[in-house]
Structure formats: structure tokens, C-alpha cells
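Just the one chain here, laid out as C-alpha cells, in the form predicted on its own.
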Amino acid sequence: MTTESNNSVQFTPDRLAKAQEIIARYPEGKQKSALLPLLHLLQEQEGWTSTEGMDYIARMLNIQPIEVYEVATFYTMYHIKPVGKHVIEYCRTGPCCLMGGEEVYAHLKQRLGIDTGQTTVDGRFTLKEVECLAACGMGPVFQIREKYYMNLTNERVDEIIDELSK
């Protein structure tokens, strides 16, 4: 995104072309259906979904900004504040906790020196608590982007953090 002098945000030319292609997929009057993919496009470009970016998308779709905010804040896949390079989304529901998740997540937090919702000082990792990741039989589990890490142990967490820290 680039910032204009009035602090509004806009897609780069390539992203704008992609956004227009996405919007064109939907019938006249149904452009709001493009909201989720446009939020993804914004986040891919910026790393998160800023209020200015959400306002820009609202203008593109000719909808109220609150309609964008409602969606972006409902889904945990959208980051509404800046995040680290690796966002670790960990499941805190019952099955993962019963399989040792609380101990593993305590170790993860201690290892990174941060708590849920925080980012490491070097900007490398952000911890995010999420609801079920649909891998209940393989918990504890966390997700980084599209990759799931399952059957986690403290040792496996250390290996993953070491690998991603390179």
C-alpha cells in the first residue's frame, strides 16, 4: 500500500488490478462479496489490516467502513494490528489443553519472552490465541501461515523456533 498525502491508503498498481479483477467476479450490486479476498490482498501487501486500509476497501466496495471492521475483527485470520514475521496461532480449546497444550504454550511463551497478543522485540514472532484449528486428535497444535505443527512437545517447539529464527 502507499499512503497519499491525506493519509488514505491505496493498493499498488499491481494489487489494484488484482482487486478490480476480484470485484468484477461478482454481479452488479453484490460487490460486497469481494470483501474477504480484498482483506487478504490488503494483508498480503501490508502484513496486517490497518483502519486506513479497511477504509480504503470500504470506499472501493461502496460500503460503510463498519461493515469492513465487523468482518476483519470477527475472523482471527486478519491481523488488526502490526504483527511479526511469523504469526503463531495456537489452539486453546479443550482437546489441545487435555493433550498437554497448556504446558507447551507456557513453554512457547517463555521461550519467546512474550505473552498472547505480543510480538518479540526483534519483530520475528507474534503469538495469537485462536479457537479450534480442526486437528483435535493431533494436539497440541499451532499454525503459522498455512502450515500446521501438530503433536507439539517443548522440544519440538524449540526446534521450530530455532528453524524460523535462522
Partner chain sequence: MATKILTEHINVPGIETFDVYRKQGGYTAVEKAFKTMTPEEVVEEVKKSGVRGRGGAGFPMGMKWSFLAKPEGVPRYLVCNADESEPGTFKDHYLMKTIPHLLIEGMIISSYALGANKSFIYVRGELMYVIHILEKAIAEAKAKGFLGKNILGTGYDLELVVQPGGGAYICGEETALLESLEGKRGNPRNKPPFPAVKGLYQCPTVVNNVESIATTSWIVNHGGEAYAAIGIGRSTGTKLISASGHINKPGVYEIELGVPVEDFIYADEWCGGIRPGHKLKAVVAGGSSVPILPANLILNLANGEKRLMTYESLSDGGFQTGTMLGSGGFIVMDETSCIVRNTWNFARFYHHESCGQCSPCREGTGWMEKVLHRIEYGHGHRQDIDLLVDVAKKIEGNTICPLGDAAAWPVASAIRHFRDEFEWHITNPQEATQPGAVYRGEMALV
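Since the model is a prediction, treat every value here as computed from it, not as a measurement. Positions refer to the first chain, counted from 1.
The same protein also has a form predicted together with its partner chain, omitted here; what follows describes it.
Within 4.5 Å of its partner chain in the predicted bound form, a heavy atom is found for all three of 71, 131 and 135. Taking the partner from the other structure, its partner chain in the predicted bound form has no heavy atom within 4.5 Å of any heavy atom of residue 111. The shortest heavy atom separation between residue 15 and its partner chain in the predicted bound form exceeds 4.5 Å. In the predicted bound form, its partner chain lies farther than 4.5 Å from every heavy atom of residue 86. When its partner chain is considered in the predicted bound form, residue 33 lines it closely, a heavy atom lying within 4.5 Å.
Contact residues in stretch 83-97 (any heavy atom within 4.5 Å of its partner chain, taken in the predicted bound form) are 92, 93, 94, 95, 97.
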